[in-house]
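Read the single chain below, which is given as structure tokens and is the form predicted alone.
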């Protein structure tokens, strides 16, 4: 995708984009280019494709039902120069020829003017109908899924409980005919795990969660990239968006206190810092952060963490700058700011889709249709007899070299059988 999609990027990416290019972001968001697969215009496009395919199916079925199976008219017969002749030294009875061809799985379709017409794999002409019927079912399933799907993304810190309510999802991507997405249960992140290869690529990430139902009963579950959790008709997927949450508390001279969490995304290399720049709620301050989980600056895992912190008042007025570690207290313009804690946060994707049984059936039907088209090519053979001379002509829808070999084998067998 040229335009990043809400299902592929973290919310911080779009927040940064909106701040950097507000006009471009407004146009992209208005045209739903950042959520293509659940946009109105994409749904309409799929609907038009479905109608087009449906009409094509109707035309194919109608043509096949009207069409008589390869009944030749004299004007449509092969030219005389295209026939191969065999002198069998004797007149062959038609019944004998019919039995012989039936042994080769060729069945009589018509006989006129001393010409017998045999056909093999006549089901091939229905292969396209079967294949496109499967595609039609798949498109219907996709259309229903796009129209009614419910998808939400949330960032949960260790120990935090997510309500599962529509308004608490950080990002929502709903089908055209959906207005709300309520999971119907709560999710608490108990522990987040992450492992890496020596190349800094992700080896495994997983979230241990507690699922809390409406009655308050708790079930312990684990979610990882290759094993989503299915509960109450909702699939919960482990996102590749995760990182560390830095907790700060700001105490004012009047004694009031504000606690906030800064969620920093994981960098692509362990030697790079977790970076973030955002405002501190209910204050005029902006925190610019470069966080290393370990002072060695060479690890994704917590060891001896260190944070380079710059506090700005407004956009360009620094009021604090320095290195801090958890537990440090800073005085910022008569306010006391304490670096409280570091914890993991995990990105979880909640998806409630429609039953995809129709799509699976459609895929199976399409496979059958494709097999018929490519593995059972239609073959047609004309046999004419005048006295002891037998003339043959054949044609096929595909694999002509193989068919020519089969024709040669049939002619050879006829000659050996009936010349005796």
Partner chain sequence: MNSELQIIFNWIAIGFYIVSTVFFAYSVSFQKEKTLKPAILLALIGLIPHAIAIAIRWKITGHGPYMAKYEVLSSNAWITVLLFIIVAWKIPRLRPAGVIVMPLSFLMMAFGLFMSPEIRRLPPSLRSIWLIIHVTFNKLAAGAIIIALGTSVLYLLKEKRHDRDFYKKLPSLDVLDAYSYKFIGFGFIFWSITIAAGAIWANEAWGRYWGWDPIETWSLITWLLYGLYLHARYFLKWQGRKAAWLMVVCFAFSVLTIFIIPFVVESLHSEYFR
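Residue numbers count along the first chain shown, from 1. If you superpose the two forms and keep the largest set of C-alpha atoms that fall within 1.5 Å, you have the rigid core. Just so we're clear, the structure is a prediction, and the values are computed from it rather than from any experiment.
The same protein has a further form, the form predicted in complex with its partner chain, not shown here; the description that follows concerns it.
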item: In the predicted bound form, the one of 186, 221, 132, 109 near its partner chain [non-hydrogen atom within 4.5 angstroms]; value: 132
item: Residue (of 203, 301, 214, 180) lying close to its partner chain in the predicted bound form, criterion heavy atoms within 4.5 Å; value: 203
item: Heavy atom of residue 402 within 4.5 Å of its partner chain in the predicted bound form; value: yes
item: Residue 51: touches its partner chain in the predicted bound form, heavy atom cutoff 4.5 angstroms; value: no
item: 4.5 Å heavy atom contact, residue 142 to its partner chain in the predicted bound form; value: yes
item: In the predicted bound form, residue 265 touching its partner chain (heavy atom, 4.5 Å); value: no
item: Within 4.5 Å of its partner chain in the predicted bound form, all of 199, 237 and 371 (non-hydrogen atom); value: yes
item: Its partner chain in the predicted bound form - contacting residues of 171-185, heavy atom within 4.5 Å; value: 173
item: Core fit, then residue 121 C-alpha moves 2 Å or more between this form and the one not shown; value: yes
item: Exceeds or equals 2 Å, Cα of residue 203 between this form and the one not shown, core fit; value: no
item: Per-residue C-alpha change between this form and the one not shown, residue 58, threshold 2 Å, rigid core fit; value: no
